[in-house]
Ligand code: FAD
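Shown below, as structure tokens, is a lone chain in the form predicted on its own; questions about how it binds or moves come after it.
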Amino acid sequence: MNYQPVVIIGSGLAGYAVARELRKLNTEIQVIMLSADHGGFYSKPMLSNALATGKTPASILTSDAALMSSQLKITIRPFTRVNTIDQSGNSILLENGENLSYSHLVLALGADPIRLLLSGGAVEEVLSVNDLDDYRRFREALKDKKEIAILGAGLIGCEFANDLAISGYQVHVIDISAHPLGRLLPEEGGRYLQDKLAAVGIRFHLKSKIQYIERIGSRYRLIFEEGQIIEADLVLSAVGLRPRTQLAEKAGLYVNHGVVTNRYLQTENTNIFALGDCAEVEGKVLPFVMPISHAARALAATVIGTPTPVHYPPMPVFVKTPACPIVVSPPDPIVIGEWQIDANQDGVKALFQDMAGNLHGFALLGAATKEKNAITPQLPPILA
């Protein structure tokens, strides 16, 4: 009998999802969660629309670490960082010098914001929001500010832009793409979204690249490669996330775009698992909420002793832009096909079909979002 604990590194949605699923299956197994921050539970997706919904950083936190520990009957160690993983010894070395043994190790490490390579004396003052502590700093910095520049017109950039604009801020959005949500929407959908966001006051600077950021008094001057100049009171970077793989790589685990796992969420070491934003499952990195739920259930069952491969059904993503409701299910990049577009002033219905006419993805905007429930069952599973 192995009496060593299951150790979960990370206290985000992925870490807590695994802890909950383990507890559903086994009330006795010892579980230790290591958190680099306060360890409390909150929904990270709420950060990008908290202004409009009247949420404060304090109210976003659902439960602190002590309450979560009591509810789940697990040990949570806040402000605890891991230095190295000893695969052969089934143990980890903490930064405080302590060794901690495990029966199974779960990497729920999340992802880090990508930082653009910029010049200028104010580059280090550019903010990003990737967790509740970041958001608290962002809200503090927002006080008495009026004009905000956002680097990135992807999902997070557009959500923050919409939230700020409808809360009374002047918002600039800068991106190298030709339209917002360039990786998720076809051109017609991107133009429709841009028009709707522009109608609430958002100014887009597309096909543009920032080169230099400097402070001018209490404001920032952003200089484009093309020579254009804008000024803002605060600059927020939202250009994407990069899976946190450093710990796994240091341990000698296989890393590609994320920590590589099989269908059982196992790395090449069958006692070490990964899920969430840090993981690459069967070649797929899916930085959304729904895959976490499916992965956590499968992972927990495997740890308890019932090997269970993860299954990803179609999982449409809702984009929190109230000025333009959007639900999207991106096609697999390896599928060859084209978008079929039906657009009018009320919305855009875009279906991605392969050469045989099979549906592989969709983008629904405006009034077309009501068709989600009818269209989704026509999609193939993301991971069968």
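All figures in this text were calculated on a predicted structure; none of them were measured in a lab. The numbering used is simple: start at 1 and walk along the sequence shown.
If you look for the form predicted together with the ligand, you will not find it shown, but the lines that follow are about it.
- Of the stretches 305-313, 223-231, 243-251, 179-187, only 243-251 has residues with a heavy atom within 4.5 Å of the ligand in the predicted bound form.
- Shown without its partner, this chain lists 341, 36, 61, 335 as candidates; in the predicted bound form, only 36 has a non-hydrogen atom within 4.5 angstroms of the ligand.
- Of the candidates 166, 255, 82, 285, 82 is the one whose heavy atoms come within 4.5 Å of the ligand in the predicted bound form; the others do not.
- The ligand is not shown here, and in the predicted bound form it never comes within 4.5 Å of any heavy atom of residue 324.
- Within this chain, residue 120 is remote from the site of the ligand in the predicted bound form, having no heavy atom within 4.5 Å.
- A residue is said to contact a partner when one of its heavy atoms sits within 4.5 Å of a partner heavy atom; residue 348 fails this definition for the ligand in the predicted bound form, lying far away.
- Though the partner is left out of this view, residue 14 does reach within 4.5 Å of the ligand in the predicted bound form, counting heavy atoms only.
- Annotation for 100-128: interface residues with the ligand in the predicted bound form are 108, 109, 110, 111 [heavy atom within 4.5 Å].
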